[in-house]
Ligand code: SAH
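Next comes just one chain, in structure tokens: the form predicted on its own.
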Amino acid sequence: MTGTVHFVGAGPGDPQLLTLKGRDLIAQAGAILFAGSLVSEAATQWAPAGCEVADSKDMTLNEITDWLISRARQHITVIRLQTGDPGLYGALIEMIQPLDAADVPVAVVPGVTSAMASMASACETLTLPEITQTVILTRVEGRTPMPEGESLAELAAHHCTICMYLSITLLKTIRRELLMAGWSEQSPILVVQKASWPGEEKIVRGTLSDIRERCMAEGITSQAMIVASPALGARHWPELKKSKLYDPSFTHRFRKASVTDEEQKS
């Protein structure tokens, strides 16, 4: 019998942000391969006695898939523990294809991605009524080219919330591209390094004009989420457009309006 390889999202860093399903799979695993360059080994703390736990930070893709295939021949449950969510910048399909070719069953368990964890740590919202209702998850072109139509300037032209992964060393480029898209120098920018990591998280707020200098002063050069959004800082705005869902003049299938629009305005 060949066991199943489960690609489990370890979340952003805090092991308590693992899903219950992920934690339960870890607790019954015969072998776990975790991405040690990005995943805290604390995420393996629920592994049973005798479970083989290995770090893949110095492995190539072929070495990773060979390891997973060989362990699936020995154990019912094998786990590839990945940072955040396996389907977002996780080389998921690159690893699944060799397993498919070897007739090894696979399954995927989603995880909390760092965009959500960063906004939670900073008490910010990704969306806000009549400000932005769209979120773009992207990265800035570096050694990995971007597909046609996905340059940061093209995406930023939407003036919605943009969460930028794997791009902290490219803040000069980010500033240039957002200015090209019509953002102002005073546009708020949020940077969170190691969101949710106990004792290691750093939160830096600034504007497009000064966020690079602020990050340099904090020594932030890796593992950081960059967020540009017109909704940043809304917690301190004197007035907000409220959600219709909780508006007393709004009827939906669970509640009838208790006041009219005119009564509410008066």
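Residues carry their position along the shown sequence, with the first being 1. Only a predicted model underlies this, so the values are computations on that prediction, with no experimental measurement involved.
One more form of this protein, predicted together with this ligand, exists but is not displayed; see below.
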Give a yes or no for Leu38: in the predicted bound form, does one of its heavy atoms lie within 4.5 Å of a heavy atom belonging to this ligand?
yes
Within 4.5 Å, heavy atoms only: does Thr161 come near this ligand in the predicted bound form?
no
Find out whether any non-hydrogen atom of Ala231 is located within 4.5 angstroms of this ligand in the predicted bound form, and reply yes or no.
no
Although this ligand is absent from this view, report whether Ala195 comes within 4.5 Å of it in the predicted bound form, heavy atoms only.
yes
Given a 4.5 Å cut-off on heavy atoms, tell me which of 170 to 178, 82 to 90, 127 to 135, 68 to 76 is the interface stretch with this ligand in the predicted bound form.
82 to 90
Among the candidate residues Met225, Ala29, Ala43, Leu33, which is the single one with a non-hydrogen atom no more than 4.5 Å from this ligand in the predicted bound form?
Met225
Suppose contact means any heavy atom within 4.5 Å; which members of 1 to 36 contact this ligand in the predicted bound form?
Pro12
